[in-house]
Structure formats: structure tokens, C-alpha cells
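Starting off, we have a lone chain in the form predicted alone, written out as C-alpha cells.
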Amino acid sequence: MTDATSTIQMHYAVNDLADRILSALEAAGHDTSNLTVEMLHLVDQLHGGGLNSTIAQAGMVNIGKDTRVFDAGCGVGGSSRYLAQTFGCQIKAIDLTPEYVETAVHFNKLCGLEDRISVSQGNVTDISEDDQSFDLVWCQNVTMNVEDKARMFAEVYRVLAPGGRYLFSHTARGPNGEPHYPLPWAMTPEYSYLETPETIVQSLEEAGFINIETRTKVGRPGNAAIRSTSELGQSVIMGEDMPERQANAVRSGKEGRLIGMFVIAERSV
């Protein structure tokens, strides 16, 4: 394990995470003895824009019950649960942080989705899946913590079937200087690996992807217009300093230091 990997794991690690989430939901008046995917969406969408962003991203491609999906950096499993329940697809998911993996597995079982979603610990730069195994690789706000994007993109290309799609959201480097730290994905610049939109596209092309499409997210990173309808999960899962980190993302976006993006790229046939 590299020092950077260890630092990123420590950034996201939370003890007794599943119990903390359930306690927070109960304190907010929810009946967790009848836990649902919808209830968990109040806390399990860890990316900017929350569930609305997940819905928008899913609407950019065709997903059906026969679509083989790989969730590359699933967090506590919120997006995987949304996709499995909404489209009936089968999903394999990985995350770098053991606590997130354990929590995702636990909640998938409580929601009756363990037969549709399998989750394991893994690294997006070294995916332990066979070549050409998936029709869709899904990813949300992971690239900012990945230094070797060329290797990540090469691995995604490898596991996609010909004609398969790589669909991800992320935050890119804006033209107006370094963002303000701490941010949701990094307390300091040392493990925040931002690239410009142009560099991201170039790296995808070098990995072999074609038909690359980029869309700027509605609003800027952290904009209230795209923020999750609930602030519950961000503090419970990411820490009590999340309001400050989110405010820095908003400010950095407004100042042109960060750019929120959706990206679609296709593996050639």
C-alpha cells in the first residue's frame, strides 16, 4: 500500500459507520427497522448534487436489467442501490475504504439487494475483473483522489466490452488557480489530483476511448441548486467539518477554480 493510498483511506475511514448512519436516520424520525433504499438516499449519496446528480448521470445512457455494471468507487453503495432498484441490473462494485465496503454490503442485505450487487475492496487502478466483462463502468467523484489517471482509464477500458460505456462525474481543475482547502475529497492538496477538462479528455483518448462527450454539471461544485435535499449524510459519513469543506467547494467553483463535469466515453468495437 502506498502512502497516498493509506492517506486516502484514512481520509474516508469512519468507525461503526453503519450504526452511525442508522442512528442519524432514527434521530431524524425514520423507522430503520423497515429500512428502504429511498431512506438510505438521505445519507448515502456522497457526491456533489446528491441523488439528483445520480439520477441525471443515469439518464445519460441506456441501462436495462441485462446491463452488466461495474461501480468503480462505490462509497457506501448509494448509487449501486439506486441503479439496481431502478433498472434491475446486476452490479459489481469496489471501493478503496474497508469501512465503506462493509457498510455497503450490510445495507445491500438489509434492503434485499444482495443478489443484485456484490461489493469488495479494490483499487480503480488495479481492477481484479476479467477483460471485457462489463457494458457500463460507472464512477462518481473518484478521479480527484487518483494520481495515475492513465492507469485508471486503461483498466476501465480493459474491463469494458466492445462498445461499452465509461460514465463518470468528477471535479476538474478550473483556469483560475488552486481551489480553497479543505475540500470534501481532500484536506490538503497533497492527495487532491485535479486535472483540467482538456487533460482528462486527452488521457481518455490515449487509453483508446472514442466518442468522448463532456458536460458541465448544472451549477458549480457544491452549488445549492444541485445539492442533496438532505445534509444528513455528509456530516454523518464525511465528518462534522463537511459544511466548511462544502463551502470551500462552492467558493472555488464560483471563482473558476473547480469545474464539475459529467463524462461519457466509449470503448471502440
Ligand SMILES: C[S@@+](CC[C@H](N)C(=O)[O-])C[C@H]1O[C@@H](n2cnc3c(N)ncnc32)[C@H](O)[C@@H]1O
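Keep in mind it's a predicted model, so treat the numbers as computed, not measured. All residue numbers are counted from 1 along the displayed sequence.
Another form exists, predicted in complex with the ligand; not displayed. Remarks below refer to it.
With the partner left out here, the ligand still marks one of 103-111, 138-146, 160-168, 84-92 in the predicted complex; by a 4.5 Å heavy atom cut-off that stretch is 138-146.
Proximity of Ala172 to the ligand in the predicted complex: non-hydrogen atoms within 4.5 Å are absent; the residue sits far from the partner. Interface residue remark: Cys74 is counted as part of the site for the ligand in the predicted complex, having a heavy atom within 4.5 Å. Remark: Thr97 counts among the residues lining the ligand in the predicted complex, judged by a heavy atom distance of 4.5 Å or less. Remark: Ile200 does not count among the residues lining the ligand in the predicted complex, judged by a heavy atom distance of 4.5 Å or less. Taking a 4.5 Å heavy atom cutoff to the ligand in the predicted complex, the contacting residues in 37-70 are Asp44, Gln45, Leu46, His47.
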